[in-house]
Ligand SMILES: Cc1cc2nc3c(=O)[nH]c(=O)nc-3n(C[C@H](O)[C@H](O)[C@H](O)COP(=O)(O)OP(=O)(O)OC[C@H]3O[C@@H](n4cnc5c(N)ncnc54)[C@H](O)[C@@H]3O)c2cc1C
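Take a look at this single chain, the form predicted on its own, given in structure tokens.
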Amino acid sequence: MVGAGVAGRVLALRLLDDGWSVTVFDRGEPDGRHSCSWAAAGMIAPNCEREAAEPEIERMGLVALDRWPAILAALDAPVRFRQDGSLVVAHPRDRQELLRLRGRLRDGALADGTARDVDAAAIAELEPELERRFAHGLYMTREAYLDNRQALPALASALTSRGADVRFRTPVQAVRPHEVDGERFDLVFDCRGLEAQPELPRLRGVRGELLVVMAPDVHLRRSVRMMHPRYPIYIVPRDDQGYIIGATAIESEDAGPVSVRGAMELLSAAYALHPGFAEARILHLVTHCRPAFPDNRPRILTRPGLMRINGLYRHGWLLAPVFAETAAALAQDRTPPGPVGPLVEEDAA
């Protein structure tokens, strides 16, 4: 296994459960702080992702949503996981964006209660501090979020305790079928993200920016998204009055510090959602470049002795369990159990 972001770690655990001997290579630290998986909010929000993603992302995400509780329960350390839904709102002038998301949801989502229209009274019941601020919204009843910065070290610890040979702080120069830097293996899994760009020239980086703030005057219970044609944002609670504010997707492979414009847009949008963010303290400004193929659809690329899992874009935490199930099944010549089949291709690199 080369690459230990969330996709690599969850896949390695799945392979261990299936009886494989697993060696993991990663240039970073056990806490994953240099990976895309660290620079994320940990949302497991398949319905909300229909804002921009294709229907298959929603379908796969709904499967993964059911997998995460068991994965986390088996770890050695606790990881905060909340599944009390996501609230999506918009100011009156931006209501068309809310209706657009509603129209993109899978058939049946509104009928079976996975998504629900909410009015001002229902919004106030779900999030009392948003009372009288929004007249219309959508409540995605099943969605969840986890603390990714707790999950990454917990996943690393579980790999070690279950017998994996884990080699952090180990840059890899060459990944080939059956071979990592000259060391031979029955099968190599490449989960390096943008590091694999020399072998996957179609891959591009998409810059994301987010802020971590402490906001003692804000008491949101669940993740909240605010729709806007130019500045949509999500706000995800953390422990100790903390919140993650994000949503930028910039076509750039520049992983430098957060721009002034990006910070201003995120902060002004957060303030427009809840005035309590005016007194928030900025703890961290985080950027990273997420790996994406031209159509933003993730892939499993296969050839004898080598399997590449890449292009998860902004869906790493959402899709990792489903891609792990699929890759593990392919490794044993079994029919994949989930809905990833159309995203498995022969590797022409």
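A residue's number is simply how far along the shown sequence it sits, counting from 1. Being a predicted model, the structure only gives us computed values, none of them experimental.
Just so it is clear, the following notes concern the form predicted together with this ligand, a form of the same protein that is not shown.
- Screening 92-100, 130-138, 214-222, 184-192 for residues having heavy atoms within 4.5 Å of this ligand in the predicted complex returns a single hit, 184-192.
- Though the partner is left out of this view, residue 37 does reach within 4.5 Å of this ligand in the predicted complex, counting heavy atoms only.
- Taking the partner from the other structure, this ligand in the predicted complex has a heavy atom within 4.5 Å of a heavy atom of residue 290.
- In the predicted complex, at least one heavy atom of residue 42 sits within 4.5 Å of this ligand.
- In the predicted complex, this ligand sits within 4.5 Å of a heavy atom belonging to residue 28.
- Checked against this ligand in the predicted complex, the candidates 200, 109, 210, 159 yield a single residue with a heavy atom inside 4.5 Å, and that residue is 210.
- Using a 4.5 Å cut-off on any heavy atom, the residues of 314-334 that reach this ligand in the predicted complex are, in sequence order, 314, 315, 316, 317, 318.
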